[in-house]
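Here you'll find one protein chain in two forms, each presented separately as structure tokens under the names structure 1 and structure 2.
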Structure 1
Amino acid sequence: MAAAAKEILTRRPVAATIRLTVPAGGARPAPPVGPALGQYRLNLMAFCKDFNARTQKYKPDTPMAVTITAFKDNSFEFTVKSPTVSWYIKKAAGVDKGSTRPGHLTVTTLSVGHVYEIAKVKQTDPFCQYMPLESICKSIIGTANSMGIKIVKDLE
């Protein structure tokens, strides 16, 4: 109990939380990494080297979702998650952008099977491991709908 209390007291104060999409193995100090991290005086090259090393196992340029916690002493921590749900949806549906008028204009369709497959992959994300597959599926369907992509039972 005392150890936990001590941990809370010595926890470093947070300056900001930064969320970014960075291509796997392709972090460079240019925008958006540069300005987003540079603003809080974080060591850009250290982040790039670390991020690139940790994402070597992915196909180059796969967009990874990164969350960086910048502390007031200019140190930082980051977690990397699998590509965003919208990226998977676009890849599976074969489209580049979502619809410009979601709800009114359907760009394309995806099957329930695709949703399931994406959900299975997303479930391996940290912090998602205990989420029931059904909730993940619902969230994916929601994102797809907001992109103007309809989910159908089977693709013709």
Structure 2
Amino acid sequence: MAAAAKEILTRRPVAATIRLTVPAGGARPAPPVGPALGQYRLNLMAFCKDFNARTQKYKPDTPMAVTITAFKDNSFEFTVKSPTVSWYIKKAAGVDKGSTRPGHLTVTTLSVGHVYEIAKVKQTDPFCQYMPLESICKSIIGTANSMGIKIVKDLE
């Protein structure tokens, strides 16, 4: 109980929560990062250096979702999530976009192995950390179906 009370007393007031999609290793103080952080008077260069250091293991131009919590004392914290499931599916399938009529037109097929590999990467995300791999796979299969991509046991 005392630990919870101490945490509440030391909590800093939040000015805003900013959500951006920034290419991995490509954060620069230009739009979209500059205006979004500048209006809360946050240190742009500190964010860009930290973000680029955290995302250097990914290929350049991989779209990374980042959530920035701006505090009233002009400091900030941010969490970086891996790219979206639809981005991974499109990369694995080798297509630019999904079907215009999902359920009627099938754009391409993916194997269950591809789904499993995407699920293993997504399991490292903070929000999927404690989800079973099977549940993540089912979610990925649902996303692929809604994009008009058929999941098969083995690719012929």
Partner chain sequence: MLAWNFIKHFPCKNLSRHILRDRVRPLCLFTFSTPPSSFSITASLSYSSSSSSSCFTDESFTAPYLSVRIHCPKHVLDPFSEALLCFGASSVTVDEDIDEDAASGSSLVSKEICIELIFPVHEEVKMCISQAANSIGLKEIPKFKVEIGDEQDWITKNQELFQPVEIAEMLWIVPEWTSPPVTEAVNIILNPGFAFGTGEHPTTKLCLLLLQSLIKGGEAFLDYGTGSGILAIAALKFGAASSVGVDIDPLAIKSASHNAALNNIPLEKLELHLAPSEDSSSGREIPLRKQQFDVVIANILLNPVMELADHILSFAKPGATIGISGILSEQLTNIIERYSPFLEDISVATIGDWVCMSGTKKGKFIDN
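Throughout, residue numbering runs from 1 along the sequence of structure 1. Owing to the predicted nature of the structure, the values given are computational and were not obtained by experimental measurement. Only the largest set of C-alpha atoms that superpose within 1.5 Å between the two forms is called the rigid core.
Visitor: 1 or 2: which is the form predicted on its own?
Guide: Number 2 is right.
Visitor: At the hinge between the two rigid parts, which of Pro60, Lys81, Gly38, Pro32 do we find when the chain moves between structure 1 and structure 2?
Guide: Of all listed residues, the hinge one is Lys81.
Visitor: Suppose I asked you to quantify the rigid-body motion between structure 1 and structure 2; what rotation angle in degrees does the smaller part show?
Guide: The rotation of the smaller rigid part against the larger one between structure 1 and structure 2 is 21 degrees.
Visitor: After aligning on the rigid core, report the distance the C-alpha of Gly148 travels between structure 1 and structure 2, in angstrom.
Guide: Spelling it out: core superposed, C-alpha of Gly148 shifted, distance 5.2 Å.
Visitor: For Ile136, what C-alpha shift in Å results between structure 1 and structure 2 following superposition on the rigid core?
Guide: So the C-alpha of this residue moves 2.5 Å.
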